[in-house]
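One chain comes next, on its own, written out as structure tokens in the form predicted on its own.
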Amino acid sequence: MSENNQAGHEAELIEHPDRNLAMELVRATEAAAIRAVPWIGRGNKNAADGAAVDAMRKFLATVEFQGEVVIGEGEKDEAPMLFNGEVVGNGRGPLCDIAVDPIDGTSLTAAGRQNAISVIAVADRGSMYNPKEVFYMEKIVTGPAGKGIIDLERPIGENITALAEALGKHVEDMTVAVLDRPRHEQLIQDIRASGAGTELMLDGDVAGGINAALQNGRIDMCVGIGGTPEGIITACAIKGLDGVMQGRLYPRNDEERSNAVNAGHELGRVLTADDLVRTDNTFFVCTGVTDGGLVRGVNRERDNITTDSVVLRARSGTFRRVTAVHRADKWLGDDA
């Protein structure tokens, strides 16, 4: 290889993450999940989140990439680490946008409920949508069968009927996941009126979206108003699953609406996964904190700690389940 070609090749490697970073990043979600375990069911979600944030940040520092936190803890949870704009990684390797949620479901963790996960999503630098001005968005997520079928602007009953036909199912056999919130009261009634059933989620619509995109899963669709940051994280995973996602910003008040317009957001526009993450070079990893439909929670038996994770890479179309067994004594001190 000539010197010019070699230099170009090296520049390309620095510009884009070409190896499977997710297999390195999963160590950080495993660490966050393990560190959160002592706080499961203790009623202190801030302590659980703080332990997970600290562990995730520590492990991210060892990963060979130059990551900039685009979606972090600071704005949402007023955390002093993993804030928006923080640079993570060892300072070498590809330039990346990174979205983190050390615990998606802090309230679930504090209450000892199911479906809490630790999450990281990574994409090429500059590719992630900036959700700063509007914290909520309407979302609809399905698997590949929803391509050209679902439309966020259609009534939910029509979307369910059309997707059921595409899946070759009866509407009565369809299950739609929705966050259990007062704002969704009418939506839940409309879903049930269509003949479909609901799976009401207490928290954590990232896992709900992924479950909806998995083929042959128990959930056929995930809909409702949830966090915009979580929507972008979900989009990274959906690209790896060849699923379908649409979203629309949902300002909560006139001030947020005005701020969004001033920031250049087009309110009312239906956004696709490609709008939320403008690259197919995405990575997504999550590790279970508590048991759930997507991954099992952290389990300790005698001298071992077992974690269950999902690792997705969009470019290669790979979906991996990673079960890791950790020696418990390595997690007792500060050097874990």
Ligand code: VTB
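Values in this document were obtained by computation on a predicted structure and should not be read as measured data. All residue numbers are counted from 1 along the displayed sequence.
Form predicted in complex with this ligand: not shown, discussed below.
Contact check for Tyr136: a non-hydrogen atom falls within 4.5 Å of this ligand in the predicted complex. In the predicted complex, this ligand sits within 4.5 Å of a heavy atom of Arg183. Not displayed here, this ligand is approached by Asp203 to within 4.5 Å at the level of heavy atoms in the predicted complex. A residue is said to contact a partner when one of its heavy atoms sits within 4.5 Å of a partner heavy atom; Asp124 fails this definition for this ligand in the predicted complex, lying far away. Per the 4.5 Å heavy atom criterion, this ligand in the predicted complex is contacted by stretch 224-232, the sole one of 146-154, 224-232, 169-177, 256-264.
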